[in-house]
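One chain comes next, on its own, written out as structure tokens in the form predicted on its own.
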């Protein structure tokens, strides 16, 4: 089979319990091969025959539900797949975005750390509940009001997700992330005792603001960075799920928000180090702006990646 049929089979099998996959994969591949052979015998070319065979089988989500004897009912069978896809997309994108905004705004106001964490989690939970409730209400209204419904769209193989990057490529990304985390953590933790600049007593001057160590903030940030890497490893070994995606996205958002807050409130660079190194007075501001830009880029990547993953499932 070609990659198109492989993608169709993979998309279908991902929605089935592991114990059913082997038998159904064999059955499904045989059905596709037979359908393609029939069309080739009728005079179609190979590509047209494959597309026609997959189109006739229909949406792999609906096919998997039939294999698993799992009814597509909550709102109604006609809109069930659209309902679950929209709900998944909204939960995986809007919830982390709201949590990031609340965490950042409360952090800039310099509220206590526990208050910031509590309000951020509360906003994420409330947003998730509101999304689930109102999405369900809207789809229930559409289901029961035919005039509001758009004509059903026919499923085609063009809707199949693109093949994921190879396992080897993803392993390379994990190794790169691990090396980067070790290097950054080592640099940060050694900064108070290893420095190119010293004071009048010959003691090293920390490049980072001592406030980070006095309050324990540096350990909170390194813990969040380590948790982000842990989620990357989990996603490598475990199949993507909505709870896993939301948890990983929230950890990424929390790490980015803490970095933005520390940079925006001038708690990152030690003014004494800037003076001792003879840097321009604006150097600390430039570094803070650079860190904020990196953190915002991380936030945008987290949201867009969550949206992409949600659309594929």
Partner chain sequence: MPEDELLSTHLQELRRGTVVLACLLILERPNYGYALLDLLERHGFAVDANTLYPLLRRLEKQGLLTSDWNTDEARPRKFYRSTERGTALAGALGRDWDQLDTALRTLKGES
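Rigid core (definition): largest C-alpha set, two forms, superposition within 1.5 Å. Remember, predicted model here, so these are calculated numbers, not experimental data. Numbering follows the first chain given and starts at 1.
Missing here is the form predicted in complex with its partner chain; even so, the following discussion is about that form.
Interface membership of residue 31, defined by any non-hydrogen atom within 4.5 Å of its partner chain in the predicted bound form, is confirmed. Its partner chain in the predicted bound form is not approached by residue 266, whose heavy atoms all lie more than 4.5 angstroms from it.
Of the heavy atoms in residue 24, some are within 4.5 Å of its partner chain in the predicted bound form. Although the partner is absent here, residue 57 is a contact residue: one of its heavy atoms lies within 4.5 angstroms of its partner chain in the predicted bound form.
Residue-level contacts in the predicted bound form: of 63, 284, 246, 255, one residue has a heavy atom within 4.5 Å of its partner chain, and it is 63. Here is the short version: of 51, 276, 35, 44, the single residue with a heavy atom within 4.5 Å of its partner chain in the predicted bound form is 35. In plain terms, the part of the chain that comes close to its partner chain in the predicted bound form, with a heavy atom within 4.5 Å, is 35-43 out of 247-255, 284-292, 268-276, 35-43. Core-superposed comparison between the shown form and the other one: CA of residue 298 displaced by less than 2 Å. With the core held fixed, residue 49 shows a CA shift of 2 Å or greater between the shown form and the other one. Relative to the superposed core, residue 60 shifts its CA atom by 2 Å or more between the shown form and the other one.
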